[in-house]
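Single chain ahead, by itself, as structure tokens, in the form predicted on its own.
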Amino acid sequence: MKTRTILFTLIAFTLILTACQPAAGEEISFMVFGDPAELAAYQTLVAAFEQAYPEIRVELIHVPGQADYRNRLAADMVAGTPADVVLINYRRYGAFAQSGALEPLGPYLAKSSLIQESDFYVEAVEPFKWLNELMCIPQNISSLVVYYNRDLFDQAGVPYPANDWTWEDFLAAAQALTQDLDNDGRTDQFGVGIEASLIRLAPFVWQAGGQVVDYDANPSTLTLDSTTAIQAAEFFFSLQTVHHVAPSLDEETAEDSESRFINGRTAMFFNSRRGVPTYRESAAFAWDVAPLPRGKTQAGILHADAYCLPSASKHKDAAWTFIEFANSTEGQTIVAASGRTVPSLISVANSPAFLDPSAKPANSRVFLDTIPYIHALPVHFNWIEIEDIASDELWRGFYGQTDTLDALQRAIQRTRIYFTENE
């Protein structure tokens, strides 16, 4: 009798363990975006995972453009046919979380023996909590930085950006680096390239002492018409409209600022960490990164993507096994070596995998030193629409098609309905 009891107990325990494990021979899909240099990082990650877990095969789906990726993801979610694992930015998962399209990953993480929440930077984890429940596991915690062409700085005799440089220092450098090299009356080299959008304006607003929305946790409107926000926008717009250190609309249309930077015709370019693999591969000059110039205070903006598990997945356990591996020390070390991410795992971010002095940028520690000053934009179910509409109006202001106050007020007015619609 005792033997039978022990036998039944062992069988039951085995069944429980089996139910928690992915089935042998399972195949999952993993959808990513990015240029070829970024794709290579995920290909390496998948290869390492399949070696560690040969019973699970991963189909890597690559959609190069971010806009195309977002459209594909939204369509797949609606159709109920998303990939088993997807990457989503914290600013863009709210609609999926509200509709129940994402499987909460907090319960999975709580049971993991490989990773735990305290291993990650809290600034990366918190934005992925929806109604206090962790929805996705962040892979990175990038801030916005200034990439700069050291060779152009040297040629112009301009000092490299200091870690405590100001708006005034930044503007002076941009003016000195904006040059008509052949004296034909047209600018051949620009001091700065920056996207005319809400995510680029936001840190300037925070640095001026303003706010982007009225309440971070439950916003009801943009607050870009405050005195401090207006001051920030005036400075931001003036880079193009007054000082002409950034390309005009015609010039930007002819060759976008990132291409100009890669081709050595723009001295400074604002971007997150995701540009590093491309610049390592394509920029034929010495370059490095600097923190954002500061206004009244220091502030940056969070750029973070996370591994998410769609509720429609039919392979949730296998998908979690991949997400868990990707965010383990081994997984994040692989992607960090590519230059693609600022690891969200504290240990990997502070390791040679990220802080490799022999790999560009030499000043990678800037990304870590600015974490305490990072601000996150709101997580909201309609934030995609809010951000896109606001950016359209800011774009008009940046390129001189309307004045600063009109651009800001129109951004507020046009987005107001989206803060309450579909609540």
Partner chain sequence: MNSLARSRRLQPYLFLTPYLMGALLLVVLPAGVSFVIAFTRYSGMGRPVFVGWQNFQWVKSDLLFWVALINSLLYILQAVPLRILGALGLALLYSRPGRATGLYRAAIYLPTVIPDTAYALVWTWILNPFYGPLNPALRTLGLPAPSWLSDSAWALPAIVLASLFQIGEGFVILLAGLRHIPRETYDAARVDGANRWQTFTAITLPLLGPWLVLLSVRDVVLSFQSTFTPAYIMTRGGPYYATHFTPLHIYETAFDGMHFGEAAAVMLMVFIVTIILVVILYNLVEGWGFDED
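Note that this is a predicted model, so its numbers are computed, not measured. Numbering follows the first chain given and starts at 1.
Just so it is clear, the following notes concern the form predicted together with its partner chain, a form of the same protein that is not shown.
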Counting heavy atoms only and using a 4.5 Å cut-off, do E126, Q298 and Q409 all touch its partner chain in the predicted complex?
no
Could you spot which one of M135, A196, A318, A101 gets a heavy atom to within 4.5 Å of its partner chain in the predicted complex?
A101
Heavy atom within 4.5 Å of its partner chain in the predicted complex: which of E330, E251, D225, D151 fits that? Just give me the one.
E251
Please identify, from 47 to 55, 389 to 397, 358 to 366, 372 to 380, the stretch that has a heavy atom within 4.5 Å of its partner chain in the predicted complex.
389 to 397
Is L87 close to its partner chain in the predicted complex, meaning a heavy atom pair under 4.5 Å apart or at it?
no
Please determine whether N71 contacts its partner chain in the predicted complex, using a 4.5 Å cut-off between heavy atoms.
yes
How about D169: is it within 4.5 Å of its partner chain in the predicted complex, going by heavy atoms?
no
Proximity of V122 to its partner chain in the predicted complex, heavy atoms at 4.5 Å
no
